[in-house]
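Shown next as C-alpha cells: one chain only, the form predicted alone.
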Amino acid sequence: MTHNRHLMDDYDDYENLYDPLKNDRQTRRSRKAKAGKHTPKKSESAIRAELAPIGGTEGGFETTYRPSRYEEGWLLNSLRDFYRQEYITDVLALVRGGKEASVYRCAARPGLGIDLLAAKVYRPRQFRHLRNDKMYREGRGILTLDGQDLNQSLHNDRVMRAIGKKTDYGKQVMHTSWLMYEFTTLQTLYNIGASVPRPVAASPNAILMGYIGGPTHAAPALSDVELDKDETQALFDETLRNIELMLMHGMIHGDLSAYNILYWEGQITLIDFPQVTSSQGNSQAHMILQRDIERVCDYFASQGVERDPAPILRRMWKQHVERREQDVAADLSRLTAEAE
C-alpha cells in the first residue's frame, strides 16, 4: 500500500509538470466544452481562433512586437514566465520563423549585463511540423522540465503508458523532453567552450538564450553568407572543432548544416539542438555523424575549402567512439575479473 501511494504521488508530480489540463486554462476550457458530446474536427481557422490571447497582455506584459491574432496567445503565454522572472522586459521583433519554432529578439532586464536575449518559442502542436524524431530519440532518456531523466525513476510506468498510447498528456511529456534536450545540451556545450548561445532559462514551451546579432538585424545563417577567402579555412576548422567537442562528450548534433550555423563579425555559432543524439546509444549514430560532416564539407567546398569528409569521419569515429567502446569493454572485463 505504501509503495502504491509513493507511485501515485510521483505520478501526480509528473502530471502537474506536463498535463496541459492542469497548466493551461485554454486547454481546460476547450476540454470542458467538448465533454458529453461529439464535435466535428475543427478547421485550421477555428484552431487559430482558439489560440487568440486569453486576457491579452495580462500582468503588464506588453510588447513592442505586434504578433498576429492567432500568434499572440501562445507567444505571450510561452514567454510570460521569462517576464515574471525578470529576464526580459519586452519582445522587440521576430527574427527567425520555422516549421518547429520561431525566434524573437527580446530586451533583457537591466542588470543582467546584456542588452538583448533570444527566445525560441515552439509552435503550437496544431501547426508544428516536427520531423520524425524516432531516429534521434534512440538511446536518449525522457527529460522533465527540471532536466531530470524519467528513465532513471522507479515510478514512471503510468507516464510511459501515456507516451505509448499517445495521449495528450503523453504528447506533452514528449514535447517537454524534446525542448529540454535542446536546453540541457546548450548548458553542457556552453560550459565546455563550444560555440553556442549562452543558455539562460527554459519554460514549458520556450528557451531563452544569448542573442547573436545587432540591435536591428540578427546574425544570418552561413547559408545566406558569402565568406571572404581569408576566413573560410579558420571557420571550417572551428566548425570541425565543435563537432569533435560534441563527440568527445558523447553527442552528435544530428541536423548540422549551413542553415543552423550563424555568422556574426567573423565568428560562427551553432544552434538548434533538440534532436541531439547519443554517439554510444544510437544504432544509427555513424550515419547521423556522417551526414553532419558531409553537409558541413559541402558548404565550405562552395566557399573554396576542399576537404574530403570521409577521412574526417574515420578519424573522429575511431578516436572518440570506437576507443570509448573499447575502454568501456576493458573496464567491464576488469571489474568482472575482480569480482571473481
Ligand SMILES: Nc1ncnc2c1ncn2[C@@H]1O[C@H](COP(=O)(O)OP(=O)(O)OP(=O)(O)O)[C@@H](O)[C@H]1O
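Everything numeric here is computed off the predicted structure, so don't read it as measured data. Sequential numbering from 1, following the sequence displayed.
Another form, the form predicted together with the ligand, is not on view; read the next lines as being about it.
Visitor: Going by heavy atom distances of 4.5 angstroms or less, which of Ala202, Val103, Leu227, Leu76 would be at the interface with the ligand in the predicted complex?
Guide: Selected residue: Val103.
Visitor: Only one of Val91, Ile212, Ala206, Ile142 gets a heavy atom within 4.5 Å of the ligand in the predicted complex. Which one?
Guide: Selected option: Ile212.
Visitor: Of the listed stretches (227-235, 68-76, 187-195, 94-102), which one has a non-hydrogen atom within 4.5 Å of the ligand in the predicted complex?
Guide: Heavy atoms within 4.5 Å of the ligand in the predicted complex occur in 94-102.
Visitor: Please check if Ala285 has a heavy atom lying within 4.5 Å of any heavy atom of the ligand in the predicted complex.
Guide: Heavy-atom contact with the ligand at 4.5 Å: absent for Ala285.
Visitor: In the predicted complex, does Asp272 have a heavy atom within 4.5 Å of the ligand?
Guide: Within the cut-off, so yes.
Visitor: Report whether the minimum heavy atom distance between Tyr87 and the ligand in the predicted complex is within 4.5 Å.
Guide: No, Tyr87 stays farther than 4.5 Å from the ligand in the predicted complex.
Visitor: So, in the predicted complex, is Gln267 in contact with the ligand at a 4.5 angstroms heavy atom limit?
Guide: No, Gln267 stays farther than 4.5 Å from the ligand in the predicted complex.
Visitor: Out of 104-122, which residues reach within 4.5 Å of the ligand in the predicted complex, heavy atoms considered?
Guide: Residues within 4.5 Å: Ala118, Lys120.
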